[in-house]
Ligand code: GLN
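Presented as structure tokens, the chain that follows is alone, the form predicted on its own.
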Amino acid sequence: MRSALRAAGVEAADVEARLIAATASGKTTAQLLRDMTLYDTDEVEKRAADMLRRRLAGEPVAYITGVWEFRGLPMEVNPEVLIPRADTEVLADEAIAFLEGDRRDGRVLDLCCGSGCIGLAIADALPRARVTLADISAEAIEVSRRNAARNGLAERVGYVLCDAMAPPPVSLGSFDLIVSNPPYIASFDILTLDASVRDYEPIWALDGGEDGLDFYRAIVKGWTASLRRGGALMFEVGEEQAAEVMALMSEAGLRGAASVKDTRGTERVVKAFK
């Protein structure tokens, strides 16, 4: 399996081979390594071969295994939601750091939540925080519900079906922090994405309009009013978008706009305060 993945140019061939073998066995990778011979059956081999075929066809391993880890939390993923990226952990880290002061019991909105990974990471790190997960996709909301249950967070998280491009429902109230990883790929650039993203991940969670900034404009304009005084708005942004998004935030009257780099040195998060 590893050799086939390597031959197909998969960089993390060793890791993905273990993930596929473990999923085919119905076990965690740790259980697989501990009891390898117990799962060496024709049935497991058949399942693994089918998963390998899907991976070699280009399907992301996260959709094949159905689970991906985000900040130490196992997250269910399927083609209705984006696969959580390590880059997005920078946004979760910044959000947690902001709340850890005197806002540990603050209200948090994860807008365009998808799998719920950002909001659930916040809820996991800060048990007193009150987190609401919001998305326009009913399927995404259901995935986020299951992820909350999977990680023992169901009783501390709320959900709302809403459109980030429209004004917020009055019933939502106000928040100490709004975080969002919205669609931010320029429409034309979607054609240039790696096939594993372009052909498998949900297009509506990628397409940010002609210049990739449509959701930032709408959220800054429509949702800033939902921030409490002293609250923060934080975004994940694409490459070379940070300056433009910070300008939008400043024009809307938010203060202290700043960017935070990811591990590769790319400005990945922007934040500003009310």
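Numbering starts at 1 and follows the sequence shown. Everything quoted here is computed from the prediction, not taken from an experiment.
One more form of this protein, predicted in complex with ligand GLN, exists but is not displayed; see below.
In the model of the complex, ligand GLN lies farther than 4.5 Å from every heavy atom of residue 147. Heavy atoms of residue 82 reach within 4.5 Å of ligand GLN in the model of the complex, making it an interface residue.
In the model of the complex, at least one heavy atom of residue 206 sits within 4.5 Å of ligand GLN.
Within 4.5 Å of some heavy atom of ligand GLN in the model of the complex lies at least one heavy atom of residue 181.
Between the options 164, 73, 185, 141, the residue in contact with ligand GLN in the model of the complex by a heavy atom within 4.5 angstroms is 185. With the partner removed from view, the residue among 136, 172, 197, 154 that has a non-hydrogen atom within 4.5 Å of ligand GLN in the model of the complex turns out to be 197. Segments offered: 91-99, 121-129, 156-164, 198-206. Contacting ligand GLN in the model of the complex at heavy atom distances within 4.5 Å is 198-206. Annotation for 228-244: the only interface residue with ligand GLN in the model of the complex is 236 [heavy atom within 4.5 Å].
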